[in-house]
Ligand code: HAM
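Next up: a single chain in structure tokens, the form predicted on its own.
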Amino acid sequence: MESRREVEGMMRKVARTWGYREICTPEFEELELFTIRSGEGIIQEMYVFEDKGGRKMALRPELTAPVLRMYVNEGRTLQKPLRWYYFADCFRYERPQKGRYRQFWQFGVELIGADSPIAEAEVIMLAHEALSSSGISFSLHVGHLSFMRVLLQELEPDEQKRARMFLDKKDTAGLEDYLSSRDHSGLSDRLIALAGCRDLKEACAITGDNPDRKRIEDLFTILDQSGICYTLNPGIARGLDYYTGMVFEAFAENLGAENQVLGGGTYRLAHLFGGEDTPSCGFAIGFDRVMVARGDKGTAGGVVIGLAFTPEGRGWALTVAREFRRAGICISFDLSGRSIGQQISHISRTADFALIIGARERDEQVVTLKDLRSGMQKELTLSNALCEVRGADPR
């Protein structure tokens, strides 16, 4: 939990420095909020129940729909763009596995009411900084669905869905066989070339006329100017029914097959929940997968102080401990009532420093500070002891 809280705190700090403010939505919502976009099939993957009023409810499987519902209900009159972020748990009824749990946590942002390349770039850059703050190694892939849409428009809707499935699974042989059987063999070559393309000019050449070309070029120019590390991936096929343009994903380097830790892009959902058609852009980070990817890095923590004292020094020890805590330094008493030597021996197992207070320290209003790593100890005033410990604090 200390590691999780540390990473959570870093991500929150990143969001705040970009001007995003935290919001919170209910753990459960009306079932229709999620089926209105995804269809009845999603019910099999959710925790669904009926309340005492006979209403069909569901534990939230994700946060974007609740956030947009909240925007329609409460935020339409607020000045735009709205910069919101959240950190919350979600629930899905599926087979648990490493980094994929039935109760899981998401960190994400939604930028509502902005429709420009710089708005899209802001969300990507924020996502990059948030993931970087967690300390994991990852690769960021950025694309635009208009590339894939231009090519897939040759197909019927059902055929598009099947083709996307093959692309998402990177099953090029299956894609070639499927499209050949429908007299679209030339299209499979272009789709496969697009999926492997990492150059913007080359992608534009593969797809031909693209009404979004200028906007796409502006977006990638901004990303290049920002200095973040990313990979152009115009072959991203997932999310075509959800996202409207820019899409991006991030993959951790040591998670095996289930290695995606972030997904996001531009979308328009407000009208589904009774609002006006509103441009939006956001992302969600799979927090549990991030923590698995971090491994056993532990926390930055800070120095830990153990306080050993005699019965005569107890009053002064209480005063000293209060001042250390006010300074934000972790300090705890030995509660055993044992001898000073036994207290120090016990403290040395978990602390960086020992503060020793007896009758003499009480009378002279000083403390004895022992560095448990080097074995050195010195007698200091309370203020000097605070300075000494602060200088050893890695935070």
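Given the structure is predicted, the values throughout are model-derived calculations rather than measurements. In case it trips you up, residue 1 is the first one in the sequence shown, and so on.
What follows is about the form predicted together with this ligand, which we do not show.
K.L.:
Counting any heavy atom within 4.5 Å as contact, can you tell me which stretch out of 94-102, 226-234, 203-211, 188-196 lines this ligand in the model of the complex?
P.N.:
Only one stretch qualifies here: 94-102.
K.L.:
Is the gap between residue 132 and this ligand in the model of the complex 4.5 Å or less for some heavy atom pair?
P.N.:
No, residue 132 sits far enough from this ligand in the model of the complex that none of its heavy atoms falls within 4.5 Å.
K.L.:
Indicate whether residue 343 is a 4.5 Å heavy atom neighbour of this ligand in the model of the complex.
P.N.:
Result no; residue 343 lies far from this ligand in the model of the complex.
K.L.:
May I ask you to state whether residue 62 is within 4.5 Å of this ligand in the model of the complex, using heavy atom distances?
P.N.:
Yes, residue 62 is a contact residue.
K.L.:
I'd like to know if residue 289 sits close to this ligand in the model of the complex, meaning any non-hydrogen atom pair within 4.5 angstroms.
P.N.:
The answer is yes: residue 289 has a heavy atom within 4.5 Å of this ligand.
K.L.:
Considering non-hydrogen atoms and a 4.5 Å limit, which listed residue (178, 87, 324, 242) is close to this ligand in the model of the complex?
P.N.:
It is 242.
K.L.:
Which residue among 76, 294, 215, 238 has a heavy atom within 4.5 angstroms of this ligand in the model of the complex?
P.N.:
Filtering the options by heavy-atom distance leaves 238.
K.L.:
Would you mind checking 242-276 for residues with a heavy atom within 4.5 Å of this ligand in the model of the complex?
P.N.:
Contacts from 242-276: 242, 243, 260, 261, 262, 263, 264, 265, 267.
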